[in-house]
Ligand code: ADP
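Form predicted on its own, single chain, as structure tokens, below.
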């Protein structure tokens, strides 16, 4: 019988406690999926001050975290269980680092200048907590730049700690654009030794690069889709680390994110005005009318309704959308946008909604309820990302019979099958070139197909709703990676 593993899982954000992106969704779902396979998992994250302590259990003893020349710093520890599971999650409570409104940046979008200290502290705190709990992990699983120092710490600061003697490390890259680049002085705080400050590990153009060090030291590296694993080895998507990643490609694997279908299911969704499923789509038409009514759009059944939910960020193709807006408004479709982010984009889309209220509506901000409404009530879903490591909204859209319009990159390319007018196959509409012309022509193509080929749309919708990208499949792939990491660690011993 295969060995059951002990997994130490550290992330800067975890659903439902704190979220800015897909990392939180993975950190909230993958540990539960691993536990369902019989493994023992503990999760560690910061106790941001947006997380209500009254709903948590306080551990009786503080946690000392060594910070080199800053000496030992003491944190409170709180505990909960991930909803819908028995997986314990521990919160590192240290006001000087985590007692702030934002996770990584202030209300104006400026990164906190001490992010290097904050996430060095988190990375070390996970090891120290494991010692306090006498938890002896087989796997230390780090995520993105925030905890990317952990593989290096395992091989340096904690090399001779008996509890970690057999621990292998896995690093998951959720978004390579953000790498954790800081002043070289953080090396002393890491306590990893200056011998690791080289172009092959920590050093990058005279600064420290947390993600680069994690890539160099992890026993296995994963990305959140197979295509993204290939893309980050190219200059277009490598953000300066493509050569470094290629040199470690033998330890790299892409594993597509899963989706929590207990939350994203039109047959049982508590947020939407009517339920429906692949065998009975009547409720979807009602959801469309209610969405139009809620956003003040004309209640027309003869126009496709195109939704967008996401960050107003360049990565998400916001610049492409803005550049193509005139063509989109004359594509014979209605649009509903939900998002927040770059201020110019918030102002731009608000202005469009004010001038074209019969065709375009938007809500600036984020609402989980509205996100579910848009997924359920839209006919098509717009996701023209310049790059997309995995993406989840396009998978939610499939489940709700809302056909995605995507740029064929990363996880979008892996999860969406392009419509073929000859055979009728497909689950959405793709374009490849990152240009406003390509985006506009693909939206027109999708809108015209919706109007002129209803039978093809109906068949695609049913095919989309039957597609499954569940966490059980992904968890089994991670289980394989974990065992490969353990074998790699034994080879190095």
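What you are looking at is a predicted structure, and each value in this text was computed from that prediction instead of being measured. Residue numbers count along the first chain shown, from 1.
Keep in mind that the form predicted together with the ligand is missing from the display, and what follows is about it.
- From the list 201 to 209, 270 to 278, 124 to 132, 309 to 317, the contact stretch for the ligand in the predicted bound form under a 4.5 Å heavy atom rule is 309 to 317.
- With the partner omitted from this view, the residue of 292, 115, 73, 340 that lies near the ligand in the predicted bound form is 340 [heavy atom within 4.5 Å].
- For the residues 111, 350, 247, 368, the 4.5 Å heavy atom test against the ligand in the predicted bound form is passed only by 368.
- Residue contact with the ligand in the predicted bound form: residue 119 places no heavy atom within 4.5 Å of it.
- Taking the partner from elsewhere, residue 483 is found to have every heavy atom lying beyond 4.5 Å of the ligand in the predicted bound form.
- The ligand is not drawn, but in the predicted bound form it has no heavy atom within 4.5 Å of residue 158.
- Interface residue remark: residue 383 is counted as part of the site for the ligand in the predicted bound form, having a heavy atom within 4.5 Å.
- Residues 388, 391, 392, 393, 396 are the ones in 385 to 421 with at least one heavy atom within 4.5 Å of the ligand in the predicted bound form, listed in sequence order.
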